[in-house]
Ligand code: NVA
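Heads up, the chain below is alone and in the form predicted on its own; it's given as structure tokens.
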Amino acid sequence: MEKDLIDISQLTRNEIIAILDLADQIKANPNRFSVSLKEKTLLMIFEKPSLRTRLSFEVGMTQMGGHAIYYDIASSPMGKKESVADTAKTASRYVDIIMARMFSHEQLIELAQNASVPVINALTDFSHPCQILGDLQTIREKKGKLIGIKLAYLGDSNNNVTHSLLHGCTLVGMDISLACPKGKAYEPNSKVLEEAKRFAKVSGSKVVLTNSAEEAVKEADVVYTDSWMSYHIPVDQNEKRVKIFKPYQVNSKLMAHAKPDAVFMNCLPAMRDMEQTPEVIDGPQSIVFDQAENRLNTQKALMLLLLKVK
């Protein structure tokens, strides 16, 4: 693996599978890794709010014998009085590994380029690789495989989760179909879509972009959605976006187009009666909290591999 994890597209299929295999071992026998990161320190840089990211990384370090420092950019000189580059160089003298949850993907890249320790992208406006690693572990747990599985994504497709799903699914051999409104504001980044199609040719999978929710979900093994109001979307756009995305709401009628044993996923946080209805997210097909749990396992595995600790 490279020094940093900036985007899931930089990983090979074998590297992804290695992360998932180690995550499975950690989940099955966590005590085996209880001192693996003894005397190691993780710096957690937060510009965006978080529940799952902070808890899973901080708990992960603690459970492996290490220590985590929470650093809120709101009370930091980073990017203001002190450059991102100087922050990275200084932090590298103190800590063993850095994770950053930031708005700007370019600033995250700058952070990694100037840090001498590994840097993990814990979310930017462009991508969310840690979420998708946890998702892939969860899908493999529930379906027993990744190759040949079809994932249908509904809703806002111009966001970090969609971009990382496109890369992650096609790298491991999963089919992915996206249903979203027409327009650059709602469709995935064109470069990401083309990269995913190239990955799909290698892995033998398929990429479909459609405006029909029913077409996307047809015979899907996994139905996935995300918030219609990402953190960077102004609040005054809420009413407009609800009208635009309502045809892509995941409800029981739409789920009926998927396979009978299909599972429902949402990376959370989720709004009931928005991107999905309560009977779906709180129903028997929902595995959203399994997703949340597996963030802990895959991120533990990722930190061990980046720090070259077995």
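Remember, predicted model here, so these are calculated numbers, not experimental data. Residue indices: 1-based, along the sequence shown.
Although not depicted, the form predicted in complex with norvaline (NVA) is the subject of the following passage.
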| field | Answer option from Thr87, Ser205, Thr138, Asn159, heavy atom within 4.5 Å of norvaline (NVA) in the predicted complex | value | Asn159
| remark: Among Ser104, Asn189, Ser230, Asn114, just one has a heavy atom within 4.5 Å of norvaline (NVA) in the predicted complex, namely Ser230
| Does the 4.5 Å heavy atom contact test between Cys267 and norvaline (NVA) in the predicted complex come out positive? | yes
| query | Does Leu123 reach norvaline (NVA) in the predicted complex if we count a contact as any heavy atom within 4.5 Å? | reply | yes
| message | So, His163 and norvaline (NVA): in the predicted complex, are they within 4.5 Å at any heavy atom pair? | response | no
| Does at least one non-hydrogen atom of Asp221 fall within 4.5 angstroms of norvaline (NVA) in the predicted complex? | no
| note | For norvaline (NVA) in the predicted complex, the stretch among 267-275, 34-42, 63-71, 244-252 with residues bearing a heavy atom within 4.5 Å is 267-275
